[in-house]
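Just one chain follows, in the form predicted alone, and it is written as structure tokens.
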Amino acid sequence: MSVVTEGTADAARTAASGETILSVNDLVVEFPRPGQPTDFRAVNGVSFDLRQGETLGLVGESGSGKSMTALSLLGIVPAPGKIIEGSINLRDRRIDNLPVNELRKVRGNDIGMVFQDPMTGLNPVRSIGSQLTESVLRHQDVSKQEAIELAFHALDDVGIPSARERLEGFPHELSGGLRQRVMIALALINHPEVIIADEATTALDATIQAQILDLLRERLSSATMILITHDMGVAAEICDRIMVMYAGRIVETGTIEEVLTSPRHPYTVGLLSAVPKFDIRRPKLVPIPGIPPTAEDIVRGCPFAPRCRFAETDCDQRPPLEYAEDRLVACWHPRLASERKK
């Protein structure tokens, strides 16, 4: 999917101005590395606010910390990883330090999740209806029959054909696109305040991907959502604001229009240059050289410096996330508008 500013849905919209629903402050997630001098920081000092009605995009390559940030919000960081610093607040309630039984009440009720692979989020040996009704009965004070009706309407609302019959079916009986629709229904059924969509269209072919994007736009047009993707084109279709992540850190954040039209961080510039463009008049695809740092790499300076054509000697120090003209950028040499005009 190509990234263009003309023709993308609501490309000129600005970030939502509603109240803050979710606040993440200096979040650090570490995984132990036995025998190594330091542990691996999968998420390293991430902070952001999510406002009511806003769709925030988390963009970056695989391993940049996007999904681990999302799992932290739900309290499901895979062992032996754990949150060691920072806080997560849902409205005025801190949720990162809740007991397990309290966290279960938050998942699905306050925060819903659409996983990349539906077979990860759906139990393959249980019927679709039983999984939907279980979620309803866990979070809503209704009878079993009422829960079944809510499950039926949830499937019908996301465009599942023969929705009532599908309640008795199993995930493996559905196509990938229909399974993803079930995941969206499961995420929405209890009307959570925040929806997290983690690479929700990555495993689908182009036609089904477009259908799921249309569904997300339609069903979540007024929702508060975090969209995790490596695809700038998908972010352009859905998001109001975007955070670009690299090596566990935020390297740039701004409105979708700002980031697409005038990227500041060299990594953001590289991501946009690497997007296929179906226009022979435009420059050819330009890949980002090198590879992101791995868990074995100890990075003391700017983690992007080894891949950056603008790197200089001062890049051996880690740059802070601070304003460069109109937005936050973690770079000693951001691509400023005044420089690009020269």
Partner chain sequence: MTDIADNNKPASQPIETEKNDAETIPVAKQTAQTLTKRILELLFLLMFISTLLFFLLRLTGDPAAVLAGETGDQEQLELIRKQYGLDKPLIVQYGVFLYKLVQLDFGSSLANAQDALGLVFERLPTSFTLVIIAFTANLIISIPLGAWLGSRPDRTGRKLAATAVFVAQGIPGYITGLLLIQLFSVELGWLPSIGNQGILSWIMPATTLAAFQAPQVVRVISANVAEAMREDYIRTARANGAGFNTLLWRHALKNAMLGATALIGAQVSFLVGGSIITEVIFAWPGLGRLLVTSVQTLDFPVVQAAVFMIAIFVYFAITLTDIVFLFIDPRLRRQRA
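Bear in mind the structure is a predicted one, so any value in this text is a computation, not a measurement. Positions refer to the first chain, counted from 1.
Below, we refer to the form predicted in complex with the partner chain, which is not included among the displayed structures.
In the model of the complex, at least one heavy atom of residue 135 sits within 4.5 Å of a heavy atom of the partner chain. For the chain shown alone, residue 166 is a contact residue for the partner chain in the model of the complex, at least one non-hydrogen atom being within 4.5 angstroms. At a distance threshold of 4.5 angstroms between non-hydrogen atoms, residue 87 is out of contact with the partner chain in the model of the complex. Although the partner is absent here, residue 159 is a contact residue: one of its heavy atoms lies within 4.5 angstroms of the partner chain in the model of the complex. Listed stretches are 145 to 153, 262 to 270, 249 to 257, 210 to 218; the contact stretch with the partner chain in the model of the complex is 210 to 218, by a heavy atom cutoff of 4.5 Å. For the three residues 120, 126 and 177, a heavy atom within 4.5 Å of the partner chain turns up in the model of the complex in every case.
For the candidate set 93, 82, 104, 191, a heavy atom within 4.5 Å of the partner chain in the model of the complex is found for exactly one residue, namely 104. The partner is absent here; in the model of the complex, the one residue of 197, 239, 186, 244 having a heavy atom within 4.5 Å of the partner chain is 186.
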